[in-house]
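Subsequent text provides structure tokens for two forms of one protein chain, presented individually as structure 1 and structure 2.
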Structure 1
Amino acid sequence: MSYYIDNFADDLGPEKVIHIYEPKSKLRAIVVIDNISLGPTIGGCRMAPDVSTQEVFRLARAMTLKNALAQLPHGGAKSAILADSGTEEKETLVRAFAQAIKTLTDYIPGPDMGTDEESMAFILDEIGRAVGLPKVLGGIPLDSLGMTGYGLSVAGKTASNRISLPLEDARMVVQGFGNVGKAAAKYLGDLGVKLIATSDSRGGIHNPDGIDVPALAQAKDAGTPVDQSGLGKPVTKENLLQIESDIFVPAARPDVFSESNQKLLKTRLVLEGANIPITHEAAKQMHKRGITIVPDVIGNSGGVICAATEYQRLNEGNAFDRVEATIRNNTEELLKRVINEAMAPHDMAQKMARERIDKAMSYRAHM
């Protein structure tokens, strides 16, 4: 049953769109439960003052597709607490949010921008369900393990075999040396790939001989911006996008490449770490130019696979094994079918997800 129909509703969902206002704490929040055919939904809870319903829906839909592709027994959802994440009332708001979603048992929240494992511990304390928990509560610390970056390295290894790109000394550019970018640089570095340029929100560095990844990670952890690390020649964030490479990893923001600037990218393989870093049209044009792309819904699914593994009370060894097997199989299937069925990678990923969801929906009398 659909409680809310808007111009974005389609044959997948959203199942529920809920706007929450709690007068005592002044909590304002949005929850979108998109599709539950594969099981109770998992999706992040974002904390920011300016998130729209449409945006929460788009993020929830991405989770529906990502969870289906990862063959998890979970549907897709997302939520947002509309407040500044630096507020002194954070614990109060997070706890009020947990109470407000208590009866939405089809939604299991996880951390996202503005929330963290402590927030998830508060939610667990209130209602007994959350993922992305502190280790002491059974959590698997996916950011410190670099699980999403590890998954990108698996996608990179699989795709490079397929396109005959030797990884030893392959040149890599990583936009956004944060949790995901740092771990992608580390794990791909372990396979012989050389990081030649990277950036953060201030600026970037370029070093054709290879950037010392552990040294840069240490500098960043100590609070030094990338362009002041002394580990390469400073470049602007914009110029970084034009540096020729073999592998490009966008790991910062959405919509970095659109139709108007996609021509700037000179690389052979894109591993999408961020969500929607390349618009649909731009990705199609890059595909026509011969660039191989592993889309976000496959490439960056390491984080949610880890969260689902935690929810099943399994350990980090299980999570690494599962990320490896799932992303390898999906990348192989995707790249094979992109050629056999002459489809662009993002369309193909969507088709693969839909095949799994449609099959699951066929077993249900009611949603």
Structure 2
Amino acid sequence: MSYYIDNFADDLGPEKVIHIYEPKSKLRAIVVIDNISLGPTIGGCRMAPDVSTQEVFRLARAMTLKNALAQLPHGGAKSAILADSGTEEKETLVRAFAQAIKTLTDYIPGPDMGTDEESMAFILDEIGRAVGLPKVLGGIPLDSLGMTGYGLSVAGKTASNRISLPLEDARMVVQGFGNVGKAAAKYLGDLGVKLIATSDSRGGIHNPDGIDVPALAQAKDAGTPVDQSGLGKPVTKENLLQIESDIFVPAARPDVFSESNQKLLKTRLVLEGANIPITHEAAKQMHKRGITIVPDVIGNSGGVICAATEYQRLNEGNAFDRVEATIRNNTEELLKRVINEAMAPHDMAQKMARERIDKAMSYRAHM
């Protein structure tokens, strides 16, 4: 086990931590297979130069919990290719990565930050297993369908009923107008929610009267940064976190909020679109302040539910139905038990996942 994560290891895992270096292609990568009790693992492969072993482990653990909560026959894993996703050598690195994980048959990679359907097609071509494939290869295009964002809208609708938050004209801030944030803005917009601020890696915009989501999506697809779209007053990424809202969707990198800055957030409902966007202690403080949180392992599970549906050779209709039913039921159970058992949302989500994982682990032979 890598010394990088000794302090995080527990009875769930991780089962494998692999550091990869392939001299010819200069591939550097990390794979963490956390727990396989429920079946072969599914987890995204992200591509960024600054991902640490600790971050990959935390993301893998989130996938273990997420897949269990979604009642999928899969454990959790995650991987990272340590390179800029815009490199001209992307295909070479992705194919080299695929060959490096060829014998890790209990890991099924999927798209993540910096990778996409095309990347998964390269992996499938090399080793015969991947999810999140192009439609022509039998995939369900979760990004173009906005499946993770759709799941967030289901969580939002369910939670809003619980906390008596009318969605019509509710003010929403989306931090990270990428595949997930863009889809969340669209689907929640369809329910009457008004996007008043959003951002990308360059900066953000604020328009209290509401941002034209289709127009912003079109501008982003054309390569225009959010803060140059002309659809709102430019704001810094840091100031965006302080804009008062009814719904806040963190849909960018991990650890956006920590104990030191969580007090800046002024909202009623948080729908975690990114993986681990709020540290555990920060989430507890927000809960004490009366902010309702739907954790990532429930709220953004639409993507992996879709991927598992694809792996089972089912169709788009099946995927939408499973995402809607699973996230609605999990959100309802979570928020009910948070009150009845006096537990913070992240702790409760972990407890709900452990109930299923522990049952599965009880059937495993003890070595």
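Throughout, rigid core stands for the largest set of C-alpha atoms superposing within 1.5 Å between the two forms. Residues are numbered by position in structure 1's sequence, first residue being 1. In this text the structure is predicted, and so the values were computed from the model without any measurement.
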Open item on the list: Structure 1 or structure 2: which matches the form predicted alone?
Closed with: 2
- [ ] Inspect the rigid-core superposition and answer whether the C-alpha of residue 248 shifts by 2 angstroms or more between the two structures.
- [x] no
Open item on the list: My question is whether residue 350 is one of the residues whose C-alpha shifts by 2 Å or more between the two structures, given a fit on the rigid core.
Closed with: no
Open item on the list: Is the shift of residue 209 between the two structures large enough to count as movement, that is, does its C-alpha move by 2 Å or more after the core is superposed?
Closed with: no
TODO: State the core-superposed CA shift for residue 79 between the two structures, in Å to one decimal.
DONE: 3.0
